[in-house]
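Shown next as structure tokens: one chain only, the form predicted alone.
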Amino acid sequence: MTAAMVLDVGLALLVVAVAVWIVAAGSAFAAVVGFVSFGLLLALAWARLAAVDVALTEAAIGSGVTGALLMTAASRLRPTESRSAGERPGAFLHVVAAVLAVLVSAGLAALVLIPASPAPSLAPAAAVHLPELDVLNPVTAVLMAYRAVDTLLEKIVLLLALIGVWSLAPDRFWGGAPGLWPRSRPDGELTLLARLLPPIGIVVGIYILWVGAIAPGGAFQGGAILAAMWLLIMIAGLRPVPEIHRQWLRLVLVVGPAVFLTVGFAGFFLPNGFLSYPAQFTKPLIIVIEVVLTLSIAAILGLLVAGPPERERQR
């Protein structure tokens, strides 16, 4: 057995062990910490499978942003956790859930270990036309061409999710700012980190966006990094959470999907259909869409973590 195989087997066993620990965790906070660790391990697993784009997305979204959301939810629900302890499901429901989990795991294992021969794939047919897009990263090319409608809908769903979070606010807080963030001492470690890390993180986020045309990266990964830097600044208290009625903020939120839709509808008049790119402008249009989507994704993810408005609008 080679060293690489030992690493892969150990990583797989560790992923399963952390998943079991999350389910068996006694508190919501412990489960969230396990979930973040689980996401990072999955990112390593995807990297071992040479799916670097998926690994970046898993680390940034699955573990980072989602972990922050769950951490916030766990902290807010902590006062009610002891009262709900007696309402936990009984042994029968635990057994049923375990059986279903085993069946699903066995089915997925069968799909991987006993694949169809030959395995059905559209990859060769897709690869034939990818050079026409002049985008060397096949993942970005597929997401912005063959799956452009899915990519557009994903961004619209993110925006709708943010509107749903905002709708949880009482009427008197509508248009105000999300809840107060914990403030650190001016000479504290968090403040120091919030002053040193964002310049580096912003450069990395822009690089991840730009390199997405030729290598693993793109709007989602870059936007998640920028959102993390923005959140760090707000948590440290260096900048306040903006009020949601701000026109500039709403413009940043919608500019990505709006430009994407505009390019999509322009396809009816220029090439021959929705989200069809003119041959001579394919790469520039994809880059423009990715840039504005990065801004919108960063703003949406940051405000999703910030939560609904909890402070009245300043008059």
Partner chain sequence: MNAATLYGLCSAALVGLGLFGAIVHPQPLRKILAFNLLGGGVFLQFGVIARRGAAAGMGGDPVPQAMVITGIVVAFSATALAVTLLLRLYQVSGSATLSIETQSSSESDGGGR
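Please read all numbers here as calculations on a predicted model, not as lab measurements. Residue numbers count along the first chain shown, from 1. For clarity, a rigid core is taken as the largest C-alpha set superposing within 1.5 Å between two forms.
The form predicted together with the partner chain exists for this protein as well; it is not shown, and the discussion that follows is about that form.
**Asked** Taking 40, 264 and 288 as a possible spot, do all three reach the partner chain in the predicted bound form with a heavy atom inside 4.5 Å?
**Response** No, the whole trio is out of contact, none within 4.5 Å by any heavy atom.
**Request:** With the partner chain left out of view, choose which of 228, 213, 142, 177 has a non-hydrogen atom within 4.5 angstroms of it in the predicted bound form.
**Result:** Of 228, 213, 142, 177, the residue with a heavy atom within 4.5 Å of the partner chain in the predicted bound form is 142.
**Request:** Taking 4.5 Å between heavy atoms as the contact cutoff, choose which of 249, 258, 70, 270 touches the partner chain in the predicted bound form.
**Result:** Flagged contact: 70.
**Asked** Any of the heavy atoms of residue 5 lying within 4.5 Å of the partner chain in the predicted bound form?
**Response** Residue 5: yes, in contact with the partner chain in the predicted bound form.
**Request:** Indicate whether the partner chain has at least one heavy atom within 4.5 Å of a heavy atom of residue 282 in the predicted bound form.
**Result:** Outside the cut-off, so no.
**Item:** Non-hydrogen atom contact residue 292 with the partner chain in the predicted bound form at 4.5 angstroms
**Value:** No, residue 292 is distant from the partner.
**Request:** Determine whether any heavy atom of residue 275 comes within 4.5 Å of a heavy atom of the partner chain in the predicted bound form, and answer yes or no.
**Result:** Residue 275: no contact with the partner chain in the predicted bound form.
**Request:** Could you run down 28-42 and flag each residue that has a heavy atom within 4.5 Å of the partner chain in the predicted bound form?
**Result:** Counting only heavy atoms within 4.5 Å of the partner chain in the predicted bound form, the contacting residues of 28-42 are 28, 31, 32, 35, 38, 42.
**Request:** Could you tell me whether the Cα atom of residue 214 shifts by at least 2 Å between this form and the one not shown after core superposition?
**Result:** Result for residue 214: no, shift under 2 Å.
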